[in-house]
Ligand SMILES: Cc1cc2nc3c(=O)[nH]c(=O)nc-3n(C[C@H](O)[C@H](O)[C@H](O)COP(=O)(O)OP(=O)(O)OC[C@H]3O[C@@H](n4cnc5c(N)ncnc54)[C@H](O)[C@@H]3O)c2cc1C
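In structure tokens, one chain follows: the form predicted alone.
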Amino acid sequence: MSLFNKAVSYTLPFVPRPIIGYFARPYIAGERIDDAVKRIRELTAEGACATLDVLGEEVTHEEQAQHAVEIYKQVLQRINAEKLNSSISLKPTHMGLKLDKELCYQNIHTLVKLAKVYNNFVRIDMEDHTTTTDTINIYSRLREEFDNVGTVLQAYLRRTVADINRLIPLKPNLRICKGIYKEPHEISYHDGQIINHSFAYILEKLMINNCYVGIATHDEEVVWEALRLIDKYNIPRERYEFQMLLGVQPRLRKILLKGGHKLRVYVPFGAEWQAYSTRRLKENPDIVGHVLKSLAGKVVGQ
């Protein structure tokens, strides 16, 4: 299947936009902020909250980064005006990280400062390993001034425990995920069981150090480990949340919500949905198999 997945992923640039859109529909809110607001209201009705992400990354001109900042300002204003239960997530390379580190910092600073005014929160997403150190440095610098900002660490990177040891004194707000980028074996674990063990160890380390943690997973084994740790250490509900992607594992999402756990759904939207979807599938071809299984399940259920 992996060879098939890879072959399919490399044909994606030649696939008509409507077909890509069909596959992406459950996982992307749409092109407009109105589409995202609609999805958030649906999630709120379920009892979930959200984080809004304006699709885009790897900008090549400063003007593109500034345009992204302006869109995020509008998003924060809309969230505030409509009293939506949503924060925002952003990618450093969308803010200009690959152009100029200080430019990126200032752009994110602008948004964190505005979010503070609106009593909102900014999550700085983690991208591939070439951005990890810079992202952590930017987060640490912002954390000296703001308490409404968090970042992401990936359980499959060998460096993550050391990064957590560095961040613990800041009492960080961290989303922990497995990691989706295809990284070299020298810097990342490739065995699924080891990645799950790493995830559980990282969660335990953060929980016993009184850090807020976003448990970002669709893997029920990892969910079980998280629930075990929450019970073992009697972690209060205000110190953690589960996080999931839009359109992925809605049944498990509802189980966790029914259990009284806070759960946040990542809601991406924007005009760059096709480029985003194609890039993600090419970077991690195994996703193709998951998409095809999901589609097959829908057909069987019809």
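Predicted, not measured: the structure shown is a model, and the values here were computed from it. Residue numbers run from 1 along the displayed sequence.
Beyond the structure shown, there is the form predicted together with the ligand, which is absent from this document and is the topic of what follows.
- Annotated contact segment (heavy atom within 4.5 Å of the ligand in the model of the complex): 247 to 255, selected among 37 to 45, 54 to 62, 247 to 255, 230 to 238.
- Using a 4.5 angstroms heavy atom cutoff to the ligand in the model of the complex, none of 72, 97 and 270 count as contacting.
- With the partner omitted from this view, the residue of 93, 217, 135, 86 that lies near the ligand in the model of the complex is 217 [heavy atom within 4.5 Å].
- This chain lacks the partner; the member of 204, 163, 125, 225 within 4.5 angstroms of the ligand in the model of the complex by a non-hydrogen atom is 125.
- Under a 4.5 angstroms non-hydrogen atom cutoff, the ligand in the model of the complex has residue 179 among its neighbouring residues.
- Interface residue remark: residue 152 is counted as part of the site for the ligand in the model of the complex, having a heavy atom within 4.5 Å.
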